[in-house]
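The chain below stands alone, shown as structure tokens; this is the form predicted on its own.
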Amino acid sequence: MEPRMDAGTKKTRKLRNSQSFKDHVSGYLYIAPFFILFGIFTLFPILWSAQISFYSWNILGNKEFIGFQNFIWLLTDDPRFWKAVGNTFTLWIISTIPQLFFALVLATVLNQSMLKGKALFRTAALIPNVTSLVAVAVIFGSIFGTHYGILNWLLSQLGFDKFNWLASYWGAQFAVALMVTWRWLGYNAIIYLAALQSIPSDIYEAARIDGASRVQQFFNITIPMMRPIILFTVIVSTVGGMQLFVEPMIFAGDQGGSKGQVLTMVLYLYTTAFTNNQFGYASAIAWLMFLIIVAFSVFNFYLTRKINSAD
């Protein structure tokens, strides 16, 4: 049999429950703006694109339901899409791998105690990442221009013929990869620099006493102790490389060059939606691209666990 509560106890419990309810409501009100904006600008477009991927729609006329036909065309009868996939992977390989390696080298140099003006060099490393895209277009247009580019001027001074970088497949790929590397090298170097500064200096001192050279210290101490950060930058760079858009758009236009030399998945998605007005087909491209990125993320996660379990 439950004990009887007097009026004062009931009133106290009622006030406590009321205050608890107000606390919960105020908490939800504080976080509500994020969820409202997320629902309007992120969740709704995702669900909407999933719906219209099953339609043939040019945004002006009526939508025609065609089921999985957009995906079937994309997988079996669209060589331009698969060319964009191949270009995306190629650009990722020739830009991300050298970029992360040189970022690690740059971070090691910036971490040297004998270096003067460290703050200036560290600030300069981030400048490309915050530079206006218009300025980037002007800079690399001046470097890789066919008739008045700096590189072609150097080639002519050495006695070689001028090279049409944009018309060449590998020339355009190299130019865009260099643009990506230039833009993100300093950003990754600063991340690596923060990781380097967390490594105890006693370890390097012990290695020097044992006769280890700087190269041996780099490969046997620095890289193993920075492995989690390196894996993090690899994963982030992989996701970013699969979404490459700005650099090829600036260098070669929305078609990725006359023969699609630097056409990427996102650039093809943009062209399909906003140039050809095929919004249903563009939504199918977006979802297939999403699945490719998820597959790579899962592979990176598996690779990370495999490497960590090997320790």
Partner chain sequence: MKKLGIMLMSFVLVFSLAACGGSAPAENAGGETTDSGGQKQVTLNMWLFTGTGLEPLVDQYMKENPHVKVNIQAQEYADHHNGLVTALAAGSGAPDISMVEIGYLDRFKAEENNFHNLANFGANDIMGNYLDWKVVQASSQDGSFIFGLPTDVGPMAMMYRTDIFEQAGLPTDPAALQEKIKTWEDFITVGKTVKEATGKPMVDSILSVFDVVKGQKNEHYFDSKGELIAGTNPEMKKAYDFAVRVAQEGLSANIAQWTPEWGAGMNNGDFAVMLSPAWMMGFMKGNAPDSAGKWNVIQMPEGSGNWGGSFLTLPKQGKNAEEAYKLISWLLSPEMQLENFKTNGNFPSTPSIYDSEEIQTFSDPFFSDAPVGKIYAEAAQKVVPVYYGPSYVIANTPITNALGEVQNNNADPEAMWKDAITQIERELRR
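For clarity, every value in this text was computed on a predicted model and none was experimentally measured. Numbering follows the first chain given and starts at 1.
Here the subject shifts to the form predicted together with its partner chain, a form of this protein not shown in this document.
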In the predicted bound form, do 51, 293 and 301 all reach within 4.5 Å of its partner chain through at least one heavy atom apiece?
-> no
Examine residue 258 and determine whether its closest non-hydrogen atom to its partner chain in the predicted bound form is within 4.5 angstroms.
-> yes
Wondering, does residue 79 line up within 4.5 Å of its partner chain in the predicted bound form on heavy atoms?
-> yes
Does at least one non-hydrogen atom of residue 47 fall within 4.5 angstroms of its partner chain in the predicted bound form?
-> no
With the partner left out of view, is residue 274 within 4.5 angstroms of its partner chain in the predicted bound form by any non-hydrogen atom?
-> yes
Looking at 196-204, 147-155, 89-97, 218-226, which lies within 4.5 angstroms of its partner chain in the predicted bound form, counting heavy atoms?
-> 147-155
Which listed residue (108, 164, 123, 131) meets the criterion of a heavy atom within 4.5 Å of its partner chain in the predicted bound form?
-> 164
Find the only residue in 102, 232, 73, 174 having a heavy atom within 4.5 Å of its partner chain in the predicted bound form.
-> 73
Contact check, 82-103 vs its partner chain in the predicted bound form, heavy atom within 4.5 Å, ordered by sequence, gives none
